[in-house]
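Taking the form predicted on its own, here's one chain by itself in structure tokens.
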């Protein structure tokens, strides 16, 4: 059986809104470094490929339209890039992939933040660009207004135009970031003590990006990252985001709910690649699942549902069962062309422990997962080559 890739998406006390009330949760520590360091250490103990860190530009809400006024769920979060930067110092192998908004965050700031993370981790950084389509988010910045719309209006009429525009802007943001990462050639720093020249200025380049919403001249203030281009990942549910991922990302997270659904979605991703004329390595396709693991997983989820006042649902499949049950499911989906999985623990740290201490051994017993880290660089671990610098002379 071919090895699969495993990532875990970290978000607060877990993906269930009532997770902070799980008996093993640590709700008093959500804003402390030790909590996140312990989660990262546990994930690294299980030899997982990488961690992602959720972020958003508004306080969490159960309503799409804006704040809900609820006081019985976790509200507030730390900055994802800064959390990843803190974990760079206490991890040695696992990849760190924070989320930032492409709608309200300057590409220049993202470029230097992720490049700095890649330097600090010696090549383990990634980035998940995320569109912010909520009108309430835009009000926090005051630079633009966005229409209020419901998720079910996605893809219809004027809302479809707004969504397409946001993803077009996101593609511009990623392109600007990628150019900034290339704006220093790999050998731009020469440290020539005889001549007193630290840097070869001829190897720094203006990127002169001109987009519909912004322009960026460059060069970056941060030298080219160790990976050249840190890993870029994107969550996608439909044609427009599939095409965004095909243009801009290395890894796409998708949300099938069955084997047949996985077949259909993998086909749609490959069609999106053809539509945009993607060149180079094909997208690595990861399936997202929310997981509650253990012999009493369903009962545990039911108890959290009752505390929260409603059954928990998600865009991704919500799995409850044992690690062996999940290993069976992952194996069956892998045959559809899914190359990896991003698991969203229902409750932290409990379900992360079940992933590293039960699921990973179950997969290892099938020959489907590594028993040690073999690659230090995140791109290499995923079978992706280090990209050539677009501004460097051809060899």
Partner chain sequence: MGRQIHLAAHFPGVNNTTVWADPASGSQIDFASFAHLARTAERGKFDFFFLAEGLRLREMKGRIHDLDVMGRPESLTVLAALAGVTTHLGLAATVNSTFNEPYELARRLATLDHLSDGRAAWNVVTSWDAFTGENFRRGGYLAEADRYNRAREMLQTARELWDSWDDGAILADRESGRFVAADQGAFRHAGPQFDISGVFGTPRPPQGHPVIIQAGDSEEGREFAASDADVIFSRHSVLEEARAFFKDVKSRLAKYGRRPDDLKILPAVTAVVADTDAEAVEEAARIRRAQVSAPTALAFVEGVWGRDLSGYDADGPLPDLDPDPGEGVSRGRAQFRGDRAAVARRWRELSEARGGLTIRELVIEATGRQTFVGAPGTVAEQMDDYVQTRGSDGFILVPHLTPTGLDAFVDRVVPLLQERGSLRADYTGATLRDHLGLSGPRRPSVREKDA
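Numbering follows the first chain given and starts at 1. Source: prediction; values computed, not measured.
This protein has a second form, the form predicted in complex with the partner chain, left out of what is shown; the following refers to that one.
Original post:
284, 301, 77, 178: which sits within 4.5 Å of the partner chain in the model of the complex by any heavy atom?
Top reply: Here the answer is residue option 77.
Original post:
Though the partner chain is not shown, can you say which of 362, 57, 39, 355 has a heavy atom within 4.5 Å of it in the model of the complex?
Top reply: When the partner chain is considered in the model of the complex, the option within 4.5 Å is 57.
Original post:
Does the partner chain get within 4.5 angstroms of any non-hydrogen atom of residue 296 in the model of the complex?
Top reply: Looking in the model of the complex, residue contacts with the partner chain do not include residue 296, since no heavy atom lies within 4.5 Å.
Original post:
Taking heavy atoms only, is residue 30 within 4.5 angstroms of the partner chain in the model of the complex?
Top reply: Heavy-atom contact with the partner chain at 4.5 Å: present for residue 30.
Subject >> Proximity of residue 119 to the partner chain in the model of the complex, heavy atoms at 4.5 Å >> reply: Yes.
Subject >> Proximity of residue 215 to the partner chain in the model of the complex, heavy atoms at 4.5 Å >> reply: Answer yes; at least one heavy atom of residue 215 falls within 4.5 Å of the partner chain in the model of the complex.
Original post:
Does each of 21, 88 and 223 have at least one heavy atom within 4.5 Å of the partner chain in the model of the complex?
Top reply: Each of the three qualifies.
Subject >> Which of 364-372, 333-341, 30-38, 45-53 lines the interface with the partner chain in the model of the complex (heavy atom within 4.5 Å) >> reply: This holds for exactly one stretch, 30-38.
**OP:** Sequence order please: the residues of 99-129 with a heavy atom within 4.5 Å of the partner chain in the model of the complex.
**Re:** Contacting residues: 102, 103, 104, 105, 106, 107, 108, 109, 112, 113, 116, 117, 119, 120.
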